[in-house]
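Heads up, the chain below is alone and in the form predicted on its own; it's given as structure tokens.
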Amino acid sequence: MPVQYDGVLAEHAAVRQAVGVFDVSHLGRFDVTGPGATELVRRQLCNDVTTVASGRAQYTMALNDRGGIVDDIIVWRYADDGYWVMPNGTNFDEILGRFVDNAEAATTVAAVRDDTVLIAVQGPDSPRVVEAVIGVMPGRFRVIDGEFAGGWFRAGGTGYTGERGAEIAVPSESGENLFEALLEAGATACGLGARDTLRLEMGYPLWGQDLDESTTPMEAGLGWVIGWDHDFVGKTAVSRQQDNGVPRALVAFACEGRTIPRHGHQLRAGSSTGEVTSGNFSPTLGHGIGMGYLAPPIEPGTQIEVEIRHKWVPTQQVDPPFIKT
């Protein structure tokens, strides 16, 4: 996926106002099937996949023993004992290896990334475009299978922009046909730059910036991702934070005018200090927005300042998302 095709602002607007299409084939995906598949997914990931039925998707995380986020992950449950586990591209090998190492003999764990293409269609007009190309639009966090161009497709009502959308997987040999068909149906090709501004406007975290192996779901404000009624790697550590509180917490804030916070800028709020993990100009709002961690955690409404060009700039604390879609 390139940074941009015709420009970040135009591509961002296309997704918010109409429909955009992203080639996200770099994202990881592997198949977990057979007896023991469900228990393997439950043990390795902190959300409880048994709370969603076959034909549903779930947002979850792989944690380490300290409760740190090894990756945030989407799971497509396409059958009772059939799952696509979809980690971030940079963590694909680690998460795949973790599942392979812990699988029972009767459980099959198989990579499918190299043999498939994954295309994300996002925007308020995405149902029309998706239905025109594959004949059906999956509901939000629903998973469906079907036929495309003489072969198969698997699609989920998931995405990373906050808009209605679908992510569609097809065999590699059908990938170009799918992408071109979506463009012909009216979608705008979009790149990495727009994907980042779109997710930031929703307050969606980015692994490697807002999330990492030293950050827990509790610190990131993502405790809702944890299914407490099952055993999983890292449960003891996050349970301790649930009982005793966190040493730092993720905050979101907005700047006035065209001041733009960037990753690595320093933050402060009273006696709390930290730094920006994600920051950019919001094309929808017309001003800078950002997220970062402050230690110790602050009270809602506390004045947050960000250091930009050696000057401390006041901001307004925001409860994400920054925009409503």
Partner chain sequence: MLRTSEEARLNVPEDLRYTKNHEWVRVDDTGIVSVGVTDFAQDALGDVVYVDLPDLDRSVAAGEGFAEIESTKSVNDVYAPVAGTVVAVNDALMDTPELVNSDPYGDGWFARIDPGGEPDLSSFMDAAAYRALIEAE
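Residue numbers count along the first chain shown, from 1. Computed from a predicted structure; not experimentally measured.
Omitted from view is the form predicted in complex with the partner chain, to which the following refers.
Although the partner is absent here, G7 lies within 4.5 Å of the partner chain in the predicted complex, judged by heavy atoms. The partner chain in the predicted complex is not approached by V70, whose heavy atoms all lie more than 4.5 angstroms from it.
In the predicted complex, the partner chain sits beyond 4.5 Å of every heavy atom of A269.
Within this chain, R66 is remote from the site of the partner chain in the predicted complex, having no heavy atom within 4.5 Å. Partner contacts here mean any heavy atom within 4.5 Å of the partner chain in the predicted complex, and among 291-299, 58-66, 37-45, 252-260 they occur only in 252-260.
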